[in-house]
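Single chain ahead, by itself, as structure tokens, in the form predicted alone.
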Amino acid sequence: MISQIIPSAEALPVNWWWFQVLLIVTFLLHIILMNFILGGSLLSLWDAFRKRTFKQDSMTIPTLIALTINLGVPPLLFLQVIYGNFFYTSSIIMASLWILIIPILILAYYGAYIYVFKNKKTPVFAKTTLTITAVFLLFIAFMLVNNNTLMLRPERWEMYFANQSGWQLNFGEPTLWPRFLHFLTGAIAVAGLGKAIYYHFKKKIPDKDKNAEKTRGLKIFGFATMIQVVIGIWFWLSLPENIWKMFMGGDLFATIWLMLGIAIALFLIYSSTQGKFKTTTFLLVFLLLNMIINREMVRYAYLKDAGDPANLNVSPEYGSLAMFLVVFLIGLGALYYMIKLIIKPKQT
């Protein structure tokens, strides 16, 4: 019965591993910025109510939202190429909520600008808009987690036949809440380190303030990572038994890769609480890459029986892939230039 409700997959222009690698690379770039904006909005909201917000800090919020949106397109497209028949179906089941992400995101973007430009003149109004922006970003994150869990559970798609309104959520999924909270604490951790990185490179800020913000950002990262490790254990144990056992000796690579991630996380907790800025920043990229690959292995384990991407038909067409790679590299160059402009002190 389940196989009858799974749509047929489309043929690929190249081997699926090309898209899998590109999905991992582009999602790594996207998740860094996504964590900066989601966690950063929550930290900025906390600072705003404590009346300790720096203008230089808050000015980056609208820019980060724009960069996050643009870098979110490639991994979403690659996900749809590999698992489109699963992702499109789950999107249809929650269609009304899924399409609602677009106007909510626009309002969040607009709210970020209001906060930046009205913070000094009307602080109460600015804090209100920042609160709304943070809530909207949390809503978007929760919808993304719902869709990404629902696509893994074709056996739950029958809920659509009982209610075709498009307002269905995957509340019956055991991994929903631990996955969302794991993502949320991770966003706060990365945003804390992001603040430390921002003030490390920002010019024309007194060294005393710069060092204080760097230390604070590292501590936020360390303590949030501690909480994330605990939630991560909950998330891991909420997975189906055959999948979590895969990381406990069932699959040698998966087991080694998970143990490596845990070791990096524990060392990052130590290095961040000890104020080791460069070590923490350097290792964070490897931890994020480790978690993303673990995530992909979990998704593959869920769907390999229902639709193994290795079995997808290939209709060779290399021109489109080459064109994308060229445009992607140009885009990365433009992104690097934009970040330099953000960090570079403005001249009078």
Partner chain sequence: MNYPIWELPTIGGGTLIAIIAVLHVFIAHLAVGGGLFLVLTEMRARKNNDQGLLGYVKSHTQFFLLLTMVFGGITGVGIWFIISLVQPAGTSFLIHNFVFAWATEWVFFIGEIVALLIYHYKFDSMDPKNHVVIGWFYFIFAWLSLFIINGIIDFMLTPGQWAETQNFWQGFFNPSFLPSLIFRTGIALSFAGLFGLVTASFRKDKKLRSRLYKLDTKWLLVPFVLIILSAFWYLAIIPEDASANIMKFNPEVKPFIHLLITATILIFLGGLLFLARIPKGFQRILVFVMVIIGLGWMAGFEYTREIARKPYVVYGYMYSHGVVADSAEKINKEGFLKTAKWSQFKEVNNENVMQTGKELADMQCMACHTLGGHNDLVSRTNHLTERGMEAKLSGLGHISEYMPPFLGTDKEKKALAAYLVRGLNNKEGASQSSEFNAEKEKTVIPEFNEDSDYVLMAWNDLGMHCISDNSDYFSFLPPANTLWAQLIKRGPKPTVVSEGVKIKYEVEEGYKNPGEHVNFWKNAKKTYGVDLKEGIGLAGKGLTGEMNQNTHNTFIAKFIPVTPYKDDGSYNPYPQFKIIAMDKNTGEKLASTKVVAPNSTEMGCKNCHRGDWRVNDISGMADLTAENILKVHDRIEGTELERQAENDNPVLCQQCHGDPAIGVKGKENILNFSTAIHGFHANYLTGMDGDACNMCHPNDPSGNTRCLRGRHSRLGPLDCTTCHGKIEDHALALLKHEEQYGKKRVAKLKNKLVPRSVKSYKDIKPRQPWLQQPDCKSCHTNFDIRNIKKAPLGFNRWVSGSSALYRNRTDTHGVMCAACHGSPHAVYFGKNMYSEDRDNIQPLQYMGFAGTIGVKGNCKVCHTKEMKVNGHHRNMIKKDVIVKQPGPNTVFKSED
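Numbering follows the first chain given and starts at 1. Given the structure is predicted, the values throughout are model-derived calculations rather than measurements.
In what follows, reference is made to the form predicted in complex with the partner chain, a form of this protein that is not presented.
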item: Contact test in the predicted bound form: residue 306 vs the partner chain, heavy atoms, 4.5 Å; value: no
item: Contact label in the predicted bound form: residue 12 to the partner chain, heavy atom within 4.5 Å; value: yes
item: Contact label in the predicted bound form: residue 311 to the partner chain, heavy atom within 4.5 Å; value: no
item: Residue 84: touches the partner chain in the predicted bound form, heavy atom cutoff 4.5 angstroms; value: yes
item: Region of this chain that lies against the partner chain in the predicted bound form, out of 267 to 275, 163 to 171, 227 to 235, 124 to 132 [heavy atom, 4.5 Å]; value: 163 to 171
item: In the predicted bound form, the one of 262, 92, 141, 205 near the partner chain [non-hydrogen atom within 4.5 angstroms]; value: 92
item: Of 71, 220, 184, 152, the one that lies within 4.5 Å of the partner chain in the predicted bound form (heavy atoms); value: 71
item: Interface residues of 108 to 140 toward the partner chain, as seen in the predicted bound form [heavy atoms, 4.5 Å]; value: 109, 110, 113, 117
